[in-house]
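Given next, in structure tokens, is a single chain: the form predicted on its own.
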């Protein structure tokens, strides 16, 4: 039975990957520029959100400086692959803050200097981009280690403030003359090759690498230690976990992939500017983690898809409509919220299914819809109003609803699996459980197995009975 399930899961996984590749091929060749950009943006933000989840979700440390790590990786990547003609334009600009040294920081010249001319050719731009991403990730990881050291003494809100201060400090420092020779100040770089950031193959390929690494890390001994720190740091340290080492390691790995996401981000935009790395980036990632599931890689990807969809296709939310229309939509949302809560409580067999809080919510929704429909001809409701920033407000409302009804997110800490999809229950013990049962029932290894009273050791009931002496 177990072998059959493994074979079935393998076949389904390969079929799923094939279907994903086919969908990406359709997106790449659909001719829709926006659809391709949305898919690529989902992959880029997915890398950043999954990497942030390692700190916030798995380790349980609230980090608010992810946009700073992305800035480091983005600027390093842009500087290393900037075309030669763009460098000449920057050097001729009177407002340029870059000097000859920083304009010479490019992989093309470095490969030529060491005799690797084929890597300096225009055809090898993809290889140089990968090298630049790796170096940008490494420098971001170095900053992650620097930020991770305060975590050895700080916890909770204090550490969150430190990470937020880092993100803002690195962004402001980049505009000062101190680092202006590397970042070109507020002008930034234009003309960054964008064929990589907008390619679904490049972005989804790096997203696959990120998801694979984070999934393997989550279920490894290091991941178990990080989860132990999240549950109870004192208990984890008492059990022999080096909490300082593991927390700094989590910061370094997370910052590395954030730097990679930053490199893809500047390539997606085609330029590197300071206003691309505002705190709103970290806000979007936190919303994605909270919506999808804190600690779940699958949940974070689900939350990222929702955030990207609202951001890219939320234009109708910010158009000008009559107030009666806005009231009707608000009333329908209240009704949908009440019905959704009722459906959730019914599925979870919570009683009463209609919680007393839901009655005023449903009545308010009905009343608002009635006022909008009956008073549509009133002058006060015919006035038009444009909802600037409604996309961010919608995400904030979704976040509030999720925090009220399911604080751990839609998927919680669980991951997608074929057994979960088919509703199967784990009825076959794992190899670890078999080994544990064998140890408990072995008289030579476990002296308690000789105890004639099995009720005194209920764990022995799970294993094979000991042999009679």
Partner chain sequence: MPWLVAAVLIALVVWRMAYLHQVNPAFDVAFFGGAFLRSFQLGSLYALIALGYTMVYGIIRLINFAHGEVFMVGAFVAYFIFSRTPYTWPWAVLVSVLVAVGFMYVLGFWRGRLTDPLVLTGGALAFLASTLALRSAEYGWFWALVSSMFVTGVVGVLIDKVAYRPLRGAPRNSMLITAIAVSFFLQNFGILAFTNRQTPFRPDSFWTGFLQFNVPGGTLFTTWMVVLVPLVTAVLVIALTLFVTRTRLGRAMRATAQDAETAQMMGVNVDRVIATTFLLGSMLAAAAGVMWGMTFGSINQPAIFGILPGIKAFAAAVIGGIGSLPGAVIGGVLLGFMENFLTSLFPRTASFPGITEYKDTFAFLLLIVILLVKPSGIVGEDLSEKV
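Being a predicted model, the structure only gives us computed values, none of them experimental. Positions refer to the first chain, counted from 1.
Separately, the form predicted in complex with its partner chain exists; it is not shown, and the next lines address it.
Where does its partner chain sit in the model of the complex: which of 85 to 93, 281 to 289, 261 to 269, 112 to 120, heavy atoms within 4.5 Å? Only one stretch passes the 4.5 Å heavy-atom test: 281 to 289.
Only one of 172, 347, 239, 209 has a non-hydrogen atom within 4.5 angstroms of its partner chain in the model of the complex; which is it? That would be 172.
Name the residue from 396, 195, 99, 221 that puts a heavy atom within 4.5 Å of its partner chain in the model of the complex. None of the other options qualify; the answer is 396.
Looking in the model of the complex, is its partner chain within 4.5 Å of a heavy atom from each of 30, 249 and 273? Per the other structure, none of 30, 249 and 273 touch its partner chain.
Do residue 161 and its partner chain come within 4.5 Å of each other in the model of the complex, heavy atoms counted? Contact check for residue 161: yes, within 4.5 Å of its partner chain in the model of the complex.
Please run the contact check for residue 60 against its partner chain in the model of the complex: heavy atoms, 4.5 angstroms, yes or no? Taking the distances in the model of the complex, the answer for residue 60 is yes, it comes within 4.5 Å of its partner chain.
Close approach of residue 373 to its partner chain in the model of the complex, 4.5 Å, heavy atom: It does not: once its partner chain is placed as it appears in the model of the complex, residue 373 has no heavy atom within 4.5 Å of it.
At 4.5 Å between heavy atoms, is residue 356 in contact with its partner chain in the model of the complex? Looking in the model of the complex, residue contacts with its partner chain do not include residue 356, since no heavy atom lies within 4.5 Å.
Sequence-ordered list of residues in 88 to 122 near its partner chain in the model of the complex, where near means a heavy atom within 4.5 Å: Residues within 4.5 Å: none in this stretch.
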